[in-house]
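Coming up is one lone chain in structure tokens, specifically the form predicted on its own.
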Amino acid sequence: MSAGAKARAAFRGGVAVPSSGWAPGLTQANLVVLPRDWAWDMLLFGQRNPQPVPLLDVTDPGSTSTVLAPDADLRTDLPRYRVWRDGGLVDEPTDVLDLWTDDLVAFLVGCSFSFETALLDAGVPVRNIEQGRNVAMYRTDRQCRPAGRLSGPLVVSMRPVPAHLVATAVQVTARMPQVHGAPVHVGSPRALGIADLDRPDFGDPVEAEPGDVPVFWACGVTPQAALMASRPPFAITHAPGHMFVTDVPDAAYRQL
């Protein structure tokens, strides 16, 4: 069994933990599932906002599989899901078997967890992995470009990086645009409208070491902020930090 299949089997079996650090070297993906009536809006939202919403795959209506891991089941193989009705969060189950219908379209969106292996390989520490925590994610005061009925703020993930390695982190992640690419900001969180790094909107606070600088990447939780703002009647997403582990090597999305 491959590392991706082992991770998915664990999550299918009830392990409900953040997926950062699982199946190193394999791409992880955010999940957004919407009724077919909203699928065009989501597709356009990704096309217009490629840094926070880099689309890796879009399924046919009703399909529960993806080319990113053909043997997987999108209804069961994530560690935790979120269920939304009219823009409000109503449940966080570990599977969505009883909610899947023939008109649902699934969007797999690139995830910054996919470049954490590349950062580690380049000697850049990843503090959230070191501390066994979910990555910290924040709403910003930057608005995404609207698409049809979908609009909302940019969400970013933050990783503290030693100051002398910030340039390395930028260079490494810039080569992976399909999993968010280079940071959108380095330094003061207030430039993004973030008041307090100790109070993330999603995930866990991550402690910086002396000499670390906060580095912010566009985040695939951005569509969830758009769901809250735009209030579609029904949606399913991953729970922040609880990603879909694919069978695709991270290297497949790494530009030379």
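The shown structure was predicted, so the numbers you read here are calculated from the model rather than taken from an experiment. Residue numbers here begin at 1 and follow the sequence given.
The form predicted together with a further copy of the same chain exists for this protein as well; it is not shown, and the discussion that follows is about that form.
K.L.:
Quick one: does S188 come within 4.5 Å of a further copy of the same chain in the predicted bound form, counting heavy atoms only?
P.N.:
Although a further copy of the same chain is absent here, S188 would stay clear of it in the predicted bound form, with no heavy atoms inside 4.5 Å.
K.L.:
At the 4.5 Å heavy atom threshold, is L56 in contact with a further copy of the same chain in the predicted bound form?
P.N.:
Answer yes; at least one heavy atom of L56 falls within 4.5 Å of a further copy of the same chain in the predicted bound form.
K.L.:
Test of understanding: in the predicted bound form, would V213 fall inside 4.5 Å of a further copy of the same chain by heavy atoms?
P.N.:
Judged by the heavy-atom cut-off of 4.5 Å, V213 is well away from a further copy of the same chain in the predicted bound form.
K.L.:
With a cut-off of 4.5 Å between heavy atoms, is I129 one of the residues that contacts a further copy of the same chain in the predicted bound form?
P.N.:
Residue-level check for I129: no, no contact with a further copy of the same chain.
K.L.:
Based on heavy atom distances of 4.5 Å or less, which listed stretch (218-226, 196-204, 42-50, 23-31) is in contact with a further copy of the same chain in the predicted bound form?
P.N.:
One stretch meets the cut-off, namely 42-50.
K.L.:
Ok, V105, V166, V96, A182: which has a heavy atom sitting within 4.5 Å of a further copy of the same chain in the predicted bound form?
P.N.:
For this set of options, the contacting one is V105.
K.L.:
Three residues, R12, G88 and D91; all within 4.5 Å of a further copy of the same chain in the predicted bound form via heavy atoms?
P.N.:
No: no residue has a heavy atom within 4.5 Å of the partner.
K.L.:
Heavy atoms within 4.5 Å of a further copy of the same chain in the predicted bound form is the criterion; list the residues of 145-170 that meet it.
P.N.:
The stretch 145-170, when checked against a further copy of the same chain in the predicted bound form, contributes R145, G148 at the 4.5 Å heavy-atom cut-off.
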